[in-house]
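Here's a solo chain for you in structure tokens, the form predicted on its own.
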């Protein structure tokens, strides 16, 4: 696996690969890798000749300084995981390499209601920062595909819109959420959970799956209400939001048949950790 820290070195290498007719799939990460990230590498290797990944903890997408400071950083272990799983190229930049002109956004993107609901309603500036870094990384890597995980469902919708707004030739591929054996969605933040919190966390997925079966018995409004009550029943979890939304617009629905696919999305505070998850209902 090649490791590049400088933009010019990475681009020189990838330009030679492209000129040789090789296709490129790109899986951006913030490190602290787990099997969910490995699935992105596997997907990249399936669809392209060259798999490129990046490890960059992007400061502009954190709305709380404490969350940025406590985000786990395990670069040496991450490099081993990527090499073991046949990642061809790793981009490992510093902040000044990604933002040579400073971190102030040079472009403003209109995501409409996509960016104002769910995470957008609870994390001010988050998606502006996500769009900023992804657009910059795409400018650097110039991949045929960008591979992202379904766990961050709203983020994939935002990036899909970003690609359209920028007339990008890159296509997005969304890889299914990878879960622990007990159903908890894999996340780099899971390592920050205390043992008793980790034991309780699978309730989130259990409740989301319960919403799926509730479609035959309850209205959308009642299903949401019951789900929130079940998550908060123990007293140690606090729901930021739990909503049932249209799979494309991410707007709340009133009826189960308002779209051919619905997404149940939630964000939950458990101790000092904020966990997000979702399931798709067809």
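Residue numbers count along the first chain shown, from 1. Here the structure is a predicted model, which is why all the values come from computation and not from measurement.
Not pictured, yet referred to below: the form predicted together with ligand AMP.
Checking 212-220, 42-50, 29-37, 235-243 against ligand AMP in the predicted complex, the stretch whose residues place heavy atoms within 4.5 Å of it is 29-37. Interface residue among 152, 97, 88, 78, judged by heavy atoms within 4.5 Å of ligand AMP in the predicted complex: 152. This chain is drawn without ligand AMP; in the predicted complex, the residue among 144, 177, 205, 135 with a heavy atom within 4.5 Å of it is 177. Taking the partner from the other structure, ligand AMP in the predicted complex has a heavy atom within 4.5 Å of a heavy atom of residue 71. Proximity of residue 193 to ligand AMP in the predicted complex falls outside the 4.5 Å heavy atom cutoff.
Ligand AMP in the predicted complex is approached by residue 186, whose closest heavy atom lies within 4.5 angstroms of it.
Of the heavy atoms in residue 92, none are within 4.5 Å of ligand AMP in the predicted complex.
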